[in-house]
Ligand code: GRF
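What follows is a single chain, given as structure tokens, in the form predicted alone.
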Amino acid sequence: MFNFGVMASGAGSNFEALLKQIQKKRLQAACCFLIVNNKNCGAAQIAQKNKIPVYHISALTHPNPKEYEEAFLTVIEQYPIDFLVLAGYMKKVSSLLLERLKNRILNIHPSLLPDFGGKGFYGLRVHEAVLKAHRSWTGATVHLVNSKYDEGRILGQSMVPVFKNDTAEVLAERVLKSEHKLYWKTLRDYASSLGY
């Protein structure tokens, strides 16, 4: 059994997929909080529905850069978390958080890293790049977060076929389904490897 927090920016489907695995008792874990940079995002609504505390931290709430960084620490200091899980979080993680939770922050990316990763590769841009490169396969990658976008140690990957008539939107949907299966298993296995 372990505790984790989540950071998200968008619809929150990966966040919801993790919560479903906890409810099914496949993932022996508890989600303690959600941090969002957009208070009206879908992830925030999912958290509220599941009675998970939501914290809005953004340049709007904390215009001062130092206070912005410290706001994240204030949240994680309230909860005894073992891991921080990024589920479609669109901002760079602060160096303070990286130091505090070294090798404990996970992210999921919609390609087979190291391909189609790094600054600027997010959302449909990733899938458009895969199609433009005429790849037969793409997929999802769960990795540890470090100071460089999408360059942390890879913990798990799943492969997804690319079909001739795919659009970026169709491919995105197929990859997302794969992410929902990959993320919870990788989190479970990584936690287990550390003795949880």
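Each residue number is its position in the shown sequence, starting from 1. The model shown is predicted, which means the values in this text are computed figures rather than measured ones.
What follows is about the form predicted in complex with the ligand, which we do not show.
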item: Triplet P114, G117 and S158 all within 4.5 Å of the ligand in the predicted bound form via a heavy atom; value: no
item: Contact test in the predicted bound form: L84 vs the ligand, heavy atoms, 4.5 Å; value: no
item: N14 within 4.5 Å of the ligand in the predicted bound form, heavy atoms; value: yes
item: Distance check, I22 to the ligand in the predicted bound form, heavy atom within 4.5 Å; value: no
item: 4.5 Å heavy atom contact, I108 to the ligand in the predicted bound form; value: yes
item: Sequence-ordered residues of 142 to 156 touching the ligand in the predicted bound form, heavy atom within 4.5 Å; value: none
